[in-house]
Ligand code: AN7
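As structure tokens, one chain now follows by itself in the form predicted on its own.
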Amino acid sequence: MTSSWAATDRLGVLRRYRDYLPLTEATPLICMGEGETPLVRSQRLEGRLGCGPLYFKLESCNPTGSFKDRGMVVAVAKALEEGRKAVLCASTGNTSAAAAAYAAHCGLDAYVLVSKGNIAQGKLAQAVAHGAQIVAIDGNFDQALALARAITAKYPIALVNSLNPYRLEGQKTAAFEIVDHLGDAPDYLFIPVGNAGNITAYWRGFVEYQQKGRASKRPRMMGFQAEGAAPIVLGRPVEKPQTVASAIRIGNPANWRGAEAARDASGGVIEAVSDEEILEAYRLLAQEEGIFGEPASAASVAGLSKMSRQGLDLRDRISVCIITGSGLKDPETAMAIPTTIRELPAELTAVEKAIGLA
């Protein structure tokens, strides 16, 4: 299989894991350098939380700054194979950025439905820059997704939300990478839960790798929703989800059943963390580990911290937290952290005194 879309020397998801993906001879092997993201060992939080080895999977290092690129490359490749000329998604932000970027890369039109006033500016800026046609509806994400489904059922446009089965096929490759890096599956995987596609996909990846003899075990899947947007925890949809973590501000997840299946089959949990816990984890990640993730990413670390406080013994266990997206997606949250920026004349003595050197 060859493709004129190859734009990088990195293998990318389609080439590296082609034997585990639903590709055919007609699937173009597009690549923007997605995948192969770092797995970084904790420097301070591991000791602070009393964990065994703790790692952070930096999905923020994907081309558009989030894990969405893994699934989008497969969804867009299959859309090309099927002869589609356009893609459409509903989005809280990251999906729109990935869809718009991969569409632009492949010469497709991109249409994006977002909830008016409920998308971080860093994410909206990406969709704008990539030339997507954006519609802000007076409603929430779940309403936008319903509209997206109706439109793509009526017109020959590919729906590239996680309802698209190819999205989850791409996203499962992150689980493969974790096993490839560690030599086996971790004991615990801590992951944010919004539309619930990612926890579903990771579990699929771990199961497939074990079945192929690439791993000897499967991790317990530890999923975390925000308290104000926790339909799986509550057991019912949330009509007006609210949380500072905009990427998981979803009241009726499309992959609800898949998330529950992953939880139950792995002996894991899906719990809620407060916005206060999310923001504290967000701050600690940045200031103790040097990892700048968006607020939704911090839900995984907030969840680990909460479970540790509640007595979960992680001392002799390997844990991985998924950092789903870059902090640059939502700069407003970072700028709200209390700090003092001092304005001084360009004089050496004044600067030395201000930073405590004189």
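As the structure is a prediction and not an experimental result, all values here were calculated from the model. Numbering starts at 1 and runs along the sequence shown.
The form predicted in complex with this ligand exists for this protein as well; it is not shown, and the discussion that follows is about that form.
Each of N94, G194 and I250 is positioned with at least one heavy atom within 4.5 Å of this ligand in the model of the complex. Distance criterion of 4.5 Å from any heavy atom to this ligand in the model of the complex singles out A90 from the list I278, A90, A262, L189. Contact with this ligand in the model of the complex, judged by any heavy atom within 4.5 Å, is made by just one of Y102, W203, F141, Y282: F141. Remark: of stretches 45-53, 303-311, 29-37, 288-296, the one touching this ligand in the model of the complex is 288-296 (heavy atom within 4.5 Å).
Not displayed here, this ligand is kept clear of S319 by more than 4.5 Å at the level of heavy atoms in the model of the complex. This ligand is not shown here, and in the model of the complex it never comes within 4.5 Å of any heavy atom of T173.
Within this chain, T324 lines the site of this ligand in the model of the complex, having a heavy atom no more than 4.5 Å away. With contact defined as any non-hydrogen atom lying within 4.5 angstroms of this ligand in the model of the complex, the contacting residues in 55-80 are F67, K68, given in sequence order.
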